[in-house]
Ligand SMILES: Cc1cc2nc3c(=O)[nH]c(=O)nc-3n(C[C@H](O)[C@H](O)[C@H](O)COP(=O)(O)OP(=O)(O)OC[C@H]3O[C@@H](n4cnc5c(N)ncnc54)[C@H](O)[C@@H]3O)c2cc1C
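Just the one chain here, the form predicted on its own, laid out as structure tokens.
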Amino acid sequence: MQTYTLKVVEIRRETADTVTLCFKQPALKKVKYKAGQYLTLIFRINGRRYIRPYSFSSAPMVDSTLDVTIKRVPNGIVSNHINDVVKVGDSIEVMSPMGDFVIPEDNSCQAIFLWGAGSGITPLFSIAKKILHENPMIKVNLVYGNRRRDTVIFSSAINELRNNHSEQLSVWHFHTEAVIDEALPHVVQGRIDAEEVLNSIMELDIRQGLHFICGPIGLKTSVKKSLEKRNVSLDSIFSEDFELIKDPADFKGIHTETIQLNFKGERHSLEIIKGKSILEAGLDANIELPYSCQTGNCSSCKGRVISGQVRMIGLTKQRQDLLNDEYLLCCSYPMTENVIIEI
């Protein structure tokens, strides 16, 4: 996996618990990425290596810096480190951009819908800027949910985009703790109501448009249900997943097992406690395994099963690119006693 060392040239405070890190593009080996992708940052904190993916909030050919936006997570070691410790001038190692939450190459739609809540706005903001900059004929609809007005990430920037592209960009804000203000008719109290938004839009645009969803599972479920009612093709719906959804029923038959992990010529004996993935167990044992998204969407943690049986749990997208003996360790669990995995 190719890595870069990027210098932080600006840190923008977006909300009380969210910052944007702006990296300078390397002078020679430019970092190439697509709107909607993510950048994986590598840190050493108290002697341990941590790897975390963060979506680009910048857009290629629009912004001169490489921007990622990070919201503080309760007990989040890396998000707290970034919000509290990282400063302008720091150099941070990053992996090459990854992710398929992007505009299709053969896109010919006339409307795009961006559905997000909280920090889920980050890749949507990147996509919106890219389209508004390059495709003036595509209607952009941004639906964004937050608790209150002061928790809205990119609030000023979204207002600026709306003012500069008033004929092309429509924005709906939903605030769960907001008080209705007649001066802000585009702000609705309560959780995102997909039906309310879709009822105000032409059915043709809805069915033939592309829909990008980034946020909690409840948002994805409700939006997808509303789109299905309008016969929107699943091929037109894209979602970004920040966590694995584990159904307890999937763990039936799985028990704590000890496996052998062969990595970089060394053999490691790992006890995999029921409920923990092979990747988690390896990292807990201070083995610096390769990984990135931890949601089964990339292939950074791919391993080959030499013997025994392993089950992958929590994948939201079918992976057609894995061979029969290849497994993603971030969502893999041993089923038998004799598991041997090689990376």
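For every residue, the number given is its place in the sequence shown, counted from 1. On a predicted model such as this, the values are computed, not experimentally measured, just so you know.
Quick note: we don't show the form predicted in complex with the named molecule, though the next part is all about it.
Only one listed stretch (108-116, 69-77, 221-229, 265-273) carries heavy atoms within 4.5 Å of the named molecule in the model of the complex, and that stretch is 69-77.
Contact check for residue 53: a non-hydrogen atom falls within 4.5 Å of the named molecule in the model of the complex. Residue 295 belongs to the set of residues with a heavy atom inside 4.5 Å of the named molecule in the model of the complex. A residue is said to contact a partner when one of its heavy atoms sits within 4.5 Å of a partner heavy atom; residue 243 meets this definition for the named molecule in the model of the complex.
At the 4.5 Å threshold, heavy atoms of residue 122 reach the named molecule in the model of the complex.
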